[in-house]
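Here we start with a single chain on its own, the form predicted on its own, put down as structure tokens.
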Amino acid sequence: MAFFMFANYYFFNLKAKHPKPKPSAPIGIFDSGIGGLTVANAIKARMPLERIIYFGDTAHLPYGDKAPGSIKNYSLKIAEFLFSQGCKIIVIACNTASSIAYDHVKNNIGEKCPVLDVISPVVDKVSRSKKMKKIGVIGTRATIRSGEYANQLVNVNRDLEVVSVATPLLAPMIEEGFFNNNISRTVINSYLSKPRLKNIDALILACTHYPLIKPEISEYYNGKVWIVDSAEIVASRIHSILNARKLLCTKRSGDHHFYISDYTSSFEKSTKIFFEGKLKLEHLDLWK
């Protein structure tokens, strides 16, 4: 009897401590910089009534050259902040953080709030295509070193050949606004001409910055290679998760809010590209 009374007390208080969020609650997204804005923009296009709270950790970008322990600490701190803002789902809109810190974040706050990475939805999508034989992956050093894409893809389909190339200059280049010009084309072509990427059927853009240079990458391959970016794929997965939990917003309940850990003009400019009008952009140092 005492056990059942304790169990009822425990589960009652667990529900009280972590009540189910309302559909009007925001979607939390974070990245090291502007890359996650491509995911935020896809969410806005797919679910225009949803409110977004975005955190760009510009003080620590790029994550690709940081130690795994640092990436885990940054990611958990930001995820905890987004949860404190009442977010109904948290999206790690960074491939480096997804490959290194996803389990760490999920293990710490996953019971309180669903956490989604940007890798597993892409793996699910690509692995369904029976026409794919050789898959190329480009991303930061940390993402490629983790081997997450190759491991997950081969676990689903052992017949796939997966080749990975680290492209460390691309994210900083994009962060500084160098894309769709001669400089970006030279750097992109230098990476894509690597022998390992020869005769690929698909190229996974394993960094959320890279959709900003997707037209240049498509131009290099003349439309003969499937260029896979995570933005729309992740937005579709978020829609499915929220729909299953009956948490899709049915009426707009406020403005988007953008936080940055250090001010950069490129972040503000890039945000205005995707989100028109007056922006709520706020500097917030979580590590003070």
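In this text the structure is predicted, and so the values were computed from the model without any measurement. Heads up: residue numbers just count along the shown sequence, starting at 1.
Below: the form predicted in complex with a small molecule, not depicted.
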Region of this chain that lies against the small molecule in the predicted complex, out of 127 to 135, 95 to 103, 214 to 222, 151 to 159 [heavy atom, 4.5 Å]: 95 to 103
Does the small molecule come within 4.5 Å of any heavy atom of residue 61 in the predicted complex? yes
Close approach of residue 140 to the small molecule in the predicted complex, 4.5 Å, heavy atom: yes
Please check if residue 171 has a heavy atom lying within 4.5 Å of any heavy atom of the small molecule in the predicted complex. yes
